[in-house]
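Below, in structure tokens: the form predicted on its own, a single chain.
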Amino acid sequence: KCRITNGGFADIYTVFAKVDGDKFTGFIVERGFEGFTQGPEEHKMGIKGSSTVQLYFQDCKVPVENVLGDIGKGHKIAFNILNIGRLKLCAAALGGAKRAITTSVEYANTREQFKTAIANFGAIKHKLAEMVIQTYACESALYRTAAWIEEKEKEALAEGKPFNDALLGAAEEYAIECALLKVHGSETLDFCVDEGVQIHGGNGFSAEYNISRAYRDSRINRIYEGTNEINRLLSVDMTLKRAMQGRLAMMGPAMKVGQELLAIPDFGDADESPFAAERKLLEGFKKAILLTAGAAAQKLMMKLEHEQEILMNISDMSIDTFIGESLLLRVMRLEQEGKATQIHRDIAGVFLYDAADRIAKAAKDAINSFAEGDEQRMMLMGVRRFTKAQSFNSKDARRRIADALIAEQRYFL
């Protein structure tokens, strides 16, 4: 088994193997077991403080009492532990992102060019603000999902289920969200450390500055716990399977969206309640997903699983929608509690404004891959309608976010 974290010094290993060639099963393997050896430490690009080795099993004998769970049921443990791992990876990545933001703003405040701190330049403010926006938005979805899992776990425990079953069952219920969080969290960290290096300029490429280490350490997060490509594909696959199982309503709402396109748009009285425009935009995002995914599933049917580009387009739309909705709900909650500031409103405004373009692009790319003629034109018209955002001065909003960060000299939200 290749690239095992902590393998160089661990005494106990959780291993999955097949019994009788087909029963996927979990085992507890202990250091010193006959036929079980560890290879030398690997030399890696980053996370050099983490032990990584290969494990060798040559006629390794494992006592029957070391079977983990039931024979043939190892997939339940493996897959659901991955769900929790993906959630935790997002949390760890966001911690790193916050540290990268603090490191970068500290440097920008002290590094001078043309007789002024580089933090005063608009290009640097844009970078700092976007780092904050992506981090705060992703954290909002992380807290939301963690609360869902905790609530589901408590429900299961109240029903008398064992702790392990309650935890794994709760994680399975929100496996889709965990996959989306793993992707967005790891890519948020990658974005933050990359921009951090850029803010540091030539010094960012020097091993003497911590941001260079952060850059190297960050890269692994898009690979382990399932690559981001796998998690994107999994998120759509799980959604479609749940729809077919009746656990998730999808095709009915998708058909309603199609019917809405053929109807005359509703130009009723404008909703002037707080965040009405943002809530309407998010509803449009969901309709764009239903339109695209529903049409792709109907047109391609079983062939859809082989159209990975389309699946990844749909996943990217889902990520932006899930993160954006979580962010807006958080800001609305703060507003209700009287704790929201202009910075919170700016973060939500910029994220949703930019997400509209990203979702529109992903939808068009997917639709153009499988539709043509009148069907294609009708669907693209729907995408334009559903992702149409109001005019918004994102430059000034980003400057306000950056100015607040620069004044605090640290990530402060």
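This is a predicted model, so every value here is computed, not measured. A residue's number is simply how far along the shown sequence it sits, counting from 1.
Beyond what is shown, the protein has a form predicted together with a small molecule; the following relates to that form.
Under a 4.5 angstroms non-hydrogen atom cutoff, the small molecule in the model of the complex has K1 among its neighbouring residues.
Using a 4.5 angstroms limit between non-hydrogen atoms, T52 touches the small molecule in the model of the complex. Looking at I47, you'd find a heavy atom of it within 4.5 angstroms of the small molecule in the model of the complex. Though the partner is left out of this view, L157 does not reach within 4.5 Å of the small molecule in the model of the complex, counting heavy atoms only. For the options F205, F121, Y224, F79, the residue carrying a heavy atom within 4.5 angstroms of the small molecule in the model of the complex is Y224. When the small molecule is considered in the model of the complex, only one residue from E229, E112, E150, E283 comes within 4.5 Å through any heavy atom, namely E229. Against the small molecule in the model of the complex, the set T5, I220 and L233 is in full contact: each member has a heavy atom within 4.5 Å.
Across the options 381 to 389, 39 to 47, 355 to 363, 62 to 70, residues that bring heavy atoms within 4.5 Å of the small molecule in the model of the complex belong to 39 to 47.
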